[in-house]
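In the block that follows, a single chain appears as structure tokens, in the form predicted on its own.
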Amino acid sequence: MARMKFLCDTERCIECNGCVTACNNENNVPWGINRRHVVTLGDGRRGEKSVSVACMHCTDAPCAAVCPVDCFYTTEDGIVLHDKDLCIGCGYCFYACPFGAPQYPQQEAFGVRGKMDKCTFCAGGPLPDNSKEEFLKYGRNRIAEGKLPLCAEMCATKALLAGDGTVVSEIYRKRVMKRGGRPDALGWQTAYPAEK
């Protein structure tokens, strides 16, 4: 059974936001909402790193754990999706997710925010694959077409990898070995400062 995962190689990400634009265009995401974000750490300082972040499709997803109506589910491929017909828009998933993936797609009068929206790994939703209804609610289902998420395919530097977790990790491992060492893990120096 495949476990579909994203991985962003911070040594290659150039903060072009091509992944964000590709996701928004492909999935007809409402204006002002981004299912994917590019975050820059140490902006303008030596050693700055950029990382593309979206739903990481966790193995034990905290958004699913806190949902009072169980609208989150995991596909056979390990993709965490949610059913907008069951969602009540309570926002618990927004607070539980460490990546800020679930978000409200709209703001209406008197604080009505509607159903949550999140990255679907371009796998659509619970409606029939590649149906008009599925596209309107969840975006294009590229996984049913045998393709990878468009954000990863459109990454100019191939920093954003997507697919089977074992394949993605092997690609990243080979890159690290070619660079000549262990990965430059974000925050390593902060968490484990060198002793003086």
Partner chain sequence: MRKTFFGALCLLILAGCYGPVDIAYHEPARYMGSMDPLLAKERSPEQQELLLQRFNKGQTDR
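No experiment lies behind these values; they were computed from the predicted model shown. Numbering follows the first chain given and starts at 1.
What comes next is about the form predicted together with its partner chain, which does not appear here.
Its partner chain is not shown here, but in the model of the complex it comes within 4.5 Å of a heavy atom of residue 123. Within this chain, residue 173 is remote from the site of its partner chain in the model of the complex, having no heavy atom within 4.5 Å. Its partner chain is not shown here, and in the model of the complex it never comes within 4.5 Å of any heavy atom of residue 56.
Residue contact check for residue 72: one or more of its heavy atoms lie within 4.5 Å of its partner chain in the model of the complex.
Heavy atoms closer than or equal to 4.5 Å to its partner chain in the model of the complex belong, across 83-100, to the residues 83, 86, ordered by sequence position.
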